[in-house]
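Just one chain is shown here, as structure tokens, and it is the form predicted on its own.
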Amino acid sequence: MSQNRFLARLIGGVGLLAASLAPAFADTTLLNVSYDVSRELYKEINPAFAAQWQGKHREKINISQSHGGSSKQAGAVIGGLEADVITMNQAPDIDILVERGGLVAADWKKRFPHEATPYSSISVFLVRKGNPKGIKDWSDLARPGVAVIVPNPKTSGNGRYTWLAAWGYALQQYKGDEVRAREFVGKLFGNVPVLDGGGRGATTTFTQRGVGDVLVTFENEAVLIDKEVGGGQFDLVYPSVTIEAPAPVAVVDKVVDKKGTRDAATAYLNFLFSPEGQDIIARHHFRPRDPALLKKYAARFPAVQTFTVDSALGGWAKVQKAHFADGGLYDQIAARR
């Protein structure tokens, strides 16, 4: 065999060997598309899961995050953002991925425990230090002269939960009278000077721009603000009754099948339900599903009367149609702002 032919075969063999070994050394990459105020949670979840994955599979995994108003984020995925997983704060922002193009399986709630919700949060009030406006309950947010900061319910799950919490409170106060409930919610949202696109934008408006007397946000966000801003500038107020917001998660089937990342994406979401994942969740002031972890961190989660969209408001399908569809109650009230 000539020297040239030998070299050609050797080079070819090395190329084939490299090609065969490449997949074994290729890193897996996942994109988690999530809502606005879960940034810090996943900044800790991601490296913890990556370490576990590498220990089990001897393979590095990279997880990228994308955050914004939840409905905007769902729209981005529909528009082509290739999320391997979607982690939201309301079921409609996953259901819409089922309805539009079959991006997510119709039975997504059955694929993980607790109807695919690893944790929940509740809507609370953050007020200026000393609570100068004396804000104690939802009724105070409808008083003249009280400026309420809340994100836009059309683009943000945080804003949507605020709307529904106020609506549910009013139905309780007025014994189911929807006319009076509508009047109450209209007054409250009439006190909103600006509607940011997401929860984090509303936080910036309240804390950095100094706009408003009260910020309505999720419990975990209120605690985070106090830690980050410091200086004792705010007080946390728990209303007499509030809404519980389970945070649903799902694998984006069309994307993971295209990328070959289904196993990793499924393992990533399962990690959220594991003891390690639940502990991280609780440390970030989200209410975990694991009873042992909820008990361990009980001091972080004061008991408060809550209701859910399903238990008190007829479920998301009814709520979406009545309140947030084009021309619904929110649009009717917003048009008069």
Partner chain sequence: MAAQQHKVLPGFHLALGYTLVYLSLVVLIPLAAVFIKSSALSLEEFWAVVSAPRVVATYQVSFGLSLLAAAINAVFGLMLAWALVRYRFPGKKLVDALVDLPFALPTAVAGIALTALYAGNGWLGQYLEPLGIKVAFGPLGILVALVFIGLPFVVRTVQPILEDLDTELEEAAASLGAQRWQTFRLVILPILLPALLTGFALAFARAVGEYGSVIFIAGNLPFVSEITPLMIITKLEQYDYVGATAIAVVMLLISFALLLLINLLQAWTAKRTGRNR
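Predicted, not measured: the structure shown is a model, and the values here were computed from it. Residue numbers count along the first chain shown, from 1.
The following text describes the form predicted in complex with the partner chain, which does not appear among the structures shown.
*Asks:* Could you tell me which of 166 to 174, 109 to 117, 88 to 96, 242 to 250 sits within 4.5 Å of the partner chain in the model of the complex, going by non-hydrogen atoms?
*Replies:* Heavy-atom contact with the partner occurs in 88 to 96.
*Asks:* Evaluate V211 for contact with the partner chain in the model of the complex, applying a 4.5 angstroms cut-off between non-hydrogen atoms, and reply yes or no.
*Replies:* The answer is yes: V211 has a heavy atom within 4.5 Å of the partner chain.
*Asks:* Would G186 count as a contact of the partner chain in the model of the complex, using a 4.5 angstroms cut-off between non-hydrogen atoms?
*Replies:* No, G186 is distant from the partner.
*Asks:* Can you work out whether V146 and the partner chain are in contact in the model of the complex, taking contact to mean some heavy atom pair no more than 4.5 Å apart?
*Replies:* No, V146 stays farther than 4.5 Å from the partner chain in the model of the complex.
*Asks:* Although the partner chain is absent from this view, report whether L224 comes within 4.5 Å of it in the model of the complex, heavy atoms only.
*Replies:* Heavy-atom contact with the partner chain at 4.5 Å: absent for L224.
*Asks:* What I'd like checked is whether K72, D326 and Y330 together line the partner chain in the model of the complex, meaning each has a non-hydrogen atom within 4.5 Å of it.
*Replies:* Every listed residue reaches the partner chain in the model of the complex, so yes.
*Asks:* Exactly one residue in V124, I135, V192, A264 has a non-hydrogen atom within 4.5 Å of the partner chain in the model of the complex; which is it?
*Replies:* That would be V192.
*Asks:* Quick one: name the residues from 273 to 298 with any non-hydrogen atom within 4.5 angstroms of the partner chain in the model of the complex.
*Replies:* Contacting residues: none.
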